[in-house]
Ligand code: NAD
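To begin, one chain is listed below as structure tokens, in the form predicted on its own.
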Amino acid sequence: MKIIAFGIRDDEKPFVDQWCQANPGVEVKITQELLTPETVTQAQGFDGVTALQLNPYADEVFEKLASYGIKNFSVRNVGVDGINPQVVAKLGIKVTNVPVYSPAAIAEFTVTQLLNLLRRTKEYDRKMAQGDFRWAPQISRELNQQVIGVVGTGHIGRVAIQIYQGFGAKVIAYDAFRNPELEKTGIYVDSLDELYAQATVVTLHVPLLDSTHHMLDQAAFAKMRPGTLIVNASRGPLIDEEALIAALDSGQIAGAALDVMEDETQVFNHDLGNRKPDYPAFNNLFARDNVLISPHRAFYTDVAVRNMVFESFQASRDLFEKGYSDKEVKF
């Protein structure tokens, strides 16, 4: 079998080498180039493709893969919202993802960022850089005193709940599909409106779907308690950024920690130097002391990167040799 892997970063290469050593019967070619209609020609002669990129995959990519006889496509991440399900279904291409590469990595990062919000770290860093080492007036809030509203109780959400409870915070949760074990604890509320009305922190752990696009909009923010904090390390379009700006301006929302943004591909994973991006909402939010923006790095740990490589490569091999994989995505 022959696999070609697109968009391989330097930090992934050691894990690719490890997987190849454990799978000597598979020929692997790697390239740092992203998978595009122009670079897809490199896949000719291969049996499977793995890829990882933030921007959507063009339909033409899959049309060309099908013309090369390639029916196996494995992404090294969870999200598949950049793939047109109608196109891959029509072409008979099977898609796999890595649904659980490290829930702890993302959950721990969201808690860390919330702690930074509560402790007003960005404000203190700015003051200290200017030689001001006074603690007042930036008084902090304690995590153990918060009501954490967890939206989405999948793998990541459940780990986040455990961490928050370890701090002594009260946790409530909402999920359209409840976890049976969690339900026994009485943690669930019956609606998002109920969660918004009670929580002092709203943290998102849901996928991007038509039903979740802009789930935090003007109406949702208005239902929250004044001074609520927002945490999002899931998908940028879950939040209407203009509505968030308005809610921050009014004080309805006291702060936000954003590891993802609506149009993040024009900023994240680029070295912009001193150039300000043509992204007004980003510039507005980034300049605020009560908003923390990180470049989609919640996942970025050694454990997660290894699992993303190993599981995507193994899924590609399984599709080719067995005709199925337990990582196959059912759109």
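This one's a predicted model, so the numbers in the text were calculated from it and none came from an experiment. Just so we're on the same page, rigid core means the largest C-alpha set that superposes within 1.5 Å between forms. Residue numbers run from 1 along the displayed sequence.
Not pictured, yet referred to below: the form predicted in complex with this ligand.
- Put simply, of 222, 246, 215, 104 only one has a heavy atom within 4.5 Å of this ligand in the predicted bound form, and it is 215.
- With the partner omitted from this view, the residue of 228, 146, 77, 153 that lies near this ligand in the predicted bound form is 153 [heavy atom within 4.5 Å].
- Heavy atoms within 4.5 Å of this ligand in the predicted bound form are found in one stretch of 193 to 201, 161 to 169, 254 to 262, 114 to 122, which is 254 to 262.
- In the predicted bound form, residue 85 stays away from this ligand, with no heavy atom inside 4.5 Å.
- Among heavy atoms of residue 296, some come within 4.5 Å of this ligand in the predicted bound form.
- Looking at residue 93, you'd find every heavy atom of it more than 4.5 angstroms from this ligand in the predicted bound form.
- In the predicted bound form, this ligand lies within 4.5 Å of some heavy atom of residue 177.
- Using a 4.5 Å cut-off on any heavy atom, the residues of 233 to 263 that reach this ligand in the predicted bound form are, in sequence order, 233, 234, 235, 259, 260.
- Residue 281 is not among the residues whose C-alpha shifts by 2 Å or more between the shown form and the other one once the rigid core is aligned; its shift stays under 2 Å.
- Core-superposed comparison between the shown form and the other one: the C-alpha position of residue 80 differs by no less than 2 Å.
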